[in-house]
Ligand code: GLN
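Shown here is one chain on its own, the form predicted on its own, set out as structure tokens.
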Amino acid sequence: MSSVLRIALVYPDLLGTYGDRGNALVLEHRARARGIEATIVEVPAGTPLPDSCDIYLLGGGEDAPQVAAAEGLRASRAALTRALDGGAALLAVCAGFQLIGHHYAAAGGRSMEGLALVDLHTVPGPDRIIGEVLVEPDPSTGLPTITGFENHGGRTHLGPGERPLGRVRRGGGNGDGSDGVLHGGIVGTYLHGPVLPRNPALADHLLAHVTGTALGPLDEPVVDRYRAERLSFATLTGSARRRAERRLHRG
């Protein structure tokens, strides 16, 4: 890592569903709060990916943008691989998560080639999975419960040597009781929200990977309250959930 931590927001014009840009803002904020100079590098569609960034962010996208993003990313696979081999990290959300595998199912069931950075593939599911998610990472990761929102039709299958981000306590995730993948510096997940504002420990996990430093917690009561509210909301059922949703809609 150079003296400035460079956060690559990849194809935000294609892969930005559900405010995934917020993941870049959280990483920048949490780095600067610890005295680490950081900057966000936007990489618009059609632009080759630089191999000089420290954290790369792939967000969600609808079917046509995902296909367009896949074409550009395949052309920049070598640069991304060099960065990851050099110690960079990657957060891939929803469509981005599907793109880092061998192949995924596009609209109509057509199989599209992915980046093959991780041993996984995605096939169509019988329906869409929509709603709040709670994921419990393995204790060995040091990560707490992860909360997010999902909206996808794919079912992602990990290869035998891959481990998921965690087990799903509520929601659908990959479709087999797990969500996402943890592979070296790569974190894949179906969770929007965006996921890092909801889960600052996951942001710190990425920062620790690229800085090589164990990061202590930050004193941010607003962030803690937001996270607690989302965790609580995800566990509500029945009439209690409907009342909370009405309060949310009223503001």
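Heads up: residue numbers just count along the shown sequence, starting at 1. Computed from a predicted structure; not experimentally measured.
Separately, the form predicted in complex with the named molecule exists; it is not shown, and the next lines address it.
Here the chain stands by itself, but in the model of the complex one stretch of 157-165, 113-121, 68-76, 87-95, 87-95, has heavy atoms within 4.5 Å of the named molecule. E62 is the sole member of E42, E62, E220, E37 with a non-hydrogen atom lying within 4.5 angstroms of the named molecule in the model of the complex. With the partner omitted from this view, the residue of H183, R198, R30, H192 that lies near the named molecule in the model of the complex is H192 [heavy atom within 4.5 Å]. Residue contact check for G153: one or more of its heavy atoms lie within 4.5 Å of the named molecule in the model of the complex. In the model of the complex, the named molecule sits beyond 4.5 Å of every heavy atom of R170.
Shown alone here, R82 lies farther than 4.5 Å from the named molecule in the model of the complex, counting heavy atoms only.
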